[in-house]
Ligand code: ADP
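Below you'll find only one chain, the form predicted alone, shown as structure tokens.
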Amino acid sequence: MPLRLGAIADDLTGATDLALMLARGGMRVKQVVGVPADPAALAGADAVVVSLKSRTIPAAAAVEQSLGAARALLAAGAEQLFFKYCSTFDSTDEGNIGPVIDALLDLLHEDRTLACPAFPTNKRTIYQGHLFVGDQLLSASPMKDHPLTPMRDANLVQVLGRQTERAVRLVDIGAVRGGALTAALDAPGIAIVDALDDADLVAIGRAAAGMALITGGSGIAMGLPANWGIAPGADSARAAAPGGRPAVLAGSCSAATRQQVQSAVGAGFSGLQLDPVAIAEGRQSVSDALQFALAASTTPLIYASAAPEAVARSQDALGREQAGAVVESFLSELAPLLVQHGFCRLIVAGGETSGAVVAGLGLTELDIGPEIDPGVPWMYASAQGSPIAIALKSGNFGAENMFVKAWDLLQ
């Protein structure tokens, strides 16, 4: 079976989101964690999604990891590459989106690609090159206060233009819907492409059939399977959902995750809030959190999610990167202990948190299970010899009651 599409995602939740989209379109998808050591092991799929943890690391390291993944995918026979990043274009003026796009184009000896993070189902749209979250410009949304990648400019042509020396131009909604899309994508450089609904995304994906590299959010993958004559079919057989106790680990401080935490606590979950400063000073330990989970009479919810003001206080005390790192390390250490004690159904909230937890569990491959909310499926894997079900949720994704309703899909 030829490998049609090789995808590189800059975090785990984004990789899962993309894998779900491609599988829904009829492709046989394999998701792997980290740069594959053996390209031959990628055989047997229409699409392989490599999940990295490269969104907020130094740009040079992100480029190195992304090139490693790309070389493995090309060695496995990938006919087209896809660089997947968040639908809110999470990045800084230094990258990492622009530098990775540049490096991948150089590797492929190509001079053109497109960039379209739109995901209308989750209320991310692009109009006149400006990214909207619902009816707000990105720069007016809660993303303006993101602790690692505050997004204070909604004009993606400008944002990406600060990250690359290549020409960045707009392909507006008139071109997308007016029959001129394929020609508009032919010019050298990087095209920011407008998209307001799913039909726009399907059109963009199909117009990109001849591109060696596509970049964007998972939404644009809607139009890709048809480029190889693949159509949606019946769901493939699912792995049996493992038994065991449920738990939620939330590191994201996004507005959506904070609402989900509040909803779950209101529904009776047993909540334990983590304090990065207390962790750093040794006043809150992994052992304490484990004992809390074991003693909980309802689903334990262990979370660092906090309002921007509280996040700022932690960052002032510890430094921006260290404040997040102590929480990631904490949950990475806690997750395998939970599995050892029979917690085999886990929801993890936050892209950086998901990467840390998956690393702690030693997961290398994930199979897609039922979809909880758009972009958030259950995944099946093996951790320490035990089957587990794990949902890796982008901080901004999921309905307010997601933590409450998700378990019903595993019955």
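Each form is matched to the other, and the largest set of C-alpha atoms that superpose within 1.5 Å is called the rigid core. Throughout, we count residues from 1 along the sequence that is shown. Everything numeric here is computed off the predicted structure, so don't read it as measured data.
Here the subject shifts to the form predicted in complex with the ligand, a form of this protein not shown in this document.
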Assert contact residue (the ligand, in the predicted complex, non-hydrogen atom within 4.5 Å, options 224, 192, 201, 253) equals 253
As a check of understanding, the residue in 208, 327, 171, 143 with any heavy atom within 4.5 Å of the ligand in the predicted complex should be identified as 327
Partner contact check in the predicted complex: of 93-101, 262-270, 244-252, 134-142, the stretch with a heavy atom within 4.5 Å of the ligand is 244-252
Item to complete: Verify the contact flag for residue 314: yes if a non-hydrogen atom of it lies within 4.5 Å of a non-hydrogen atom of the ligand in the predicted complex, no if not.
Response: yes
Taking the shortest heavy atom distance, is residue 398 within 4.5 Å of the ligand in the predicted complex? no
Distance check, residue 306 to the ligand in the predicted complex, heavy atom within 4.5 Å
yes
ask   = Any chance residue 352 has a heavy atom within 4.5 Å of the ligand in the predicted complex?
value = yes
* Asked: Would 276, 323 and 394 all count as contacting the ligand in the predicted complex, using a 4.5 Å heavy atom cut-off?
  -> yes
Notebook entry, point to check: Taking the rigid core as the frame, does residue 392 move its C-alpha by 2 Å or more between this form and the one not shown?
Noted result: yes
For residue 162, does the CA position differ by 2 Å or more between this form and the one not shown when the superposition is done on the rigid core?
no
- prompt: After the core is matched up, is the C-alpha of residue 101 off by 2 Å or more between this form and the one not shown?
  reply: no
